[in-house]
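Single chain ahead, written as structure tokens, the form predicted on its own.
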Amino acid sequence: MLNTTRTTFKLRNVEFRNRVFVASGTFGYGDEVRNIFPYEKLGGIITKSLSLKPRAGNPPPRIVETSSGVLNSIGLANIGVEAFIHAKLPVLRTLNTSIITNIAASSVDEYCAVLERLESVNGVHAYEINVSCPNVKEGGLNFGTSATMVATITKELRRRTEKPLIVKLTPNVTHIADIARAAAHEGADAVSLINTLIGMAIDVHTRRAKLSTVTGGVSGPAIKPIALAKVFEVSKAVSIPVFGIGGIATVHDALEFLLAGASAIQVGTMNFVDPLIAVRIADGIDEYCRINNIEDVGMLVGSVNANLSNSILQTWL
């Protein structure tokens, strides 16, 4: 048996320690658990979304437990890019891991302004772009539902940075592969998927929706089969790496995503249950490779035997 397995994962000009990350919105800004968390065990931290100005988010109640998951409507609450740079980034620079900032905005200009401000400081290794945001200039239509909008955002941001650019895709579309292709064509280094699915919960005693916004985003183990299928679909449609997200709770879940075509995975909702779950998953992947005499975790990526001929696959996609 091999004593070591190669775990590193390179994206553009950044080499990450391994292929396990914590998802945006589930780990704060990354500094809150610095006294107890072994950051060096992760590929990187993806911060909660940052906008140009601070956002209070939606009024409570804005998070509800559901069967095998969570329904949330946080509303992209965050401290804004300036407060992040002055209050959070100095601490994040001291952590022994890579920092990926997630950017959210309501216009193309705002996306660009946030990224340009972050480009002017040290400590950010890559960007994840949340395109599941309402475009105020288009009456609230989410950017991520339009391949044209995603292409425009990606193109404008690519012109402004040489750091890795990851576009986070919404599953609430008819053909997610088309959106992924648009991002890849305009220079995205990777795509991450899936973001939350639209869902709702009702209190039968009060006969009211449990969320103040009525609907919100479903995450957690309940969405894993959907996320896995979307990752498989997109990995066949683009040549850039895919970050798999959605319901990952165990090392077996993470391995499924790698086998389906994800080059890396993000652990989300389960961070609320066990803050160290991502570390346990990273260790578990390493152990799986050691037991199975796998020299490089990358050898697992896309290696599922899906029993599909090329013609059948093209028809399905």
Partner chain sequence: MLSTTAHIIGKNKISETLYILMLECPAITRSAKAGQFVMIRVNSHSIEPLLRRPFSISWIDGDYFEILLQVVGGGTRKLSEKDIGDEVEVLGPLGNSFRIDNTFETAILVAGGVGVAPFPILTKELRERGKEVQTFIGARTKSQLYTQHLVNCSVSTDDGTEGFHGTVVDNVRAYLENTEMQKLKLFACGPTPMLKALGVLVHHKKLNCEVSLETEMACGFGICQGCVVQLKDSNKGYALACKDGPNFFIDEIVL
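No experiment lies behind these values; they were computed from the predicted model shown. Positions refer to the first chain, counted from 1.
Beyond what is shown, the protein has a form predicted together with its partner chain; the following relates to that form.
For the marked spot (I99, M149 and T152), a heavy atom within 4.5 Å of its partner chain in the predicted bound form is absent from each of the three residues.
Interface residue remark: V279 is not counted as part of the site for its partner chain in the predicted bound form, having no heavy atom within 4.5 Å. Among residues of the shown chain, E32 is one whose heavy atoms approach its partner chain to within 4.5 Å in the predicted bound form.
For the chain shown alone, G284 is not a contact residue for its partner chain in the predicted bound form, no non-hydrogen atom being within 4.5 angstroms. Interface residue remark: E40 is not counted as part of the site for its partner chain in the predicted bound form, having no heavy atom within 4.5 Å. In the predicted bound form, its partner chain lies beyond 4.5 angstroms of every heavy atom of every residue of 83-107.
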